[in-house]
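Take a look at this single chain in structure tokens; it is the form predicted on its own.
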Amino acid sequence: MLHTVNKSSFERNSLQSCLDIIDEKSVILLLEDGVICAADNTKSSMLAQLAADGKVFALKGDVEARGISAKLAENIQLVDYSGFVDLVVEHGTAVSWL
């Protein structure tokens, strides 16, 4: 399952709610203001572990638009819109955390 998070952890607890129920087969895509959660100064050991396992992606255009390209946490994989579509196709079901 693909979980998309589009809100900053400073604005809502969407990412934490997602992390609380995610299973080992799921991946997370951070987009819009959700990419702020991908900044290295965001402290989430669970997100860091998922990223190390190759399960956390961020939309490149949104990362660049928010000026955090140089601040990305380790192992966060950037994808473009084509990569976003690939994730949706690969994982079949998508859940949006608002």
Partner chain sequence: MKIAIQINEGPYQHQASDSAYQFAKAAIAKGHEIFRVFFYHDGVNNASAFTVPPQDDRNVINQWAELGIKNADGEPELVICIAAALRRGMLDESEAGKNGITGNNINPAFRISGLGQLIEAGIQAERLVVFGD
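Residue numbers count along the first chain shown, from 1. Just so it is clear, the structure is predicted and the values come from calculations on it, not from any experiment.
This next part talks about the form predicted in complex with its partner chain, which is not shown.
Although the partner is absent here, Leu31 is a contact residue: one of its heavy atoms lies within 4.5 angstroms of its partner chain in the predicted bound form. Interface membership of Lys55, defined by any non-hydrogen atom within 4.5 Å of its partner chain in the predicted bound form, is ruled out. Contacts to its partner chain in the predicted bound form (heavy atom within 4.5 Å) from stretch 52 to 89: Asp62, Arg66, Tyr81, Ser82, Phe84, Val85, Asp86, Val88, Val89.
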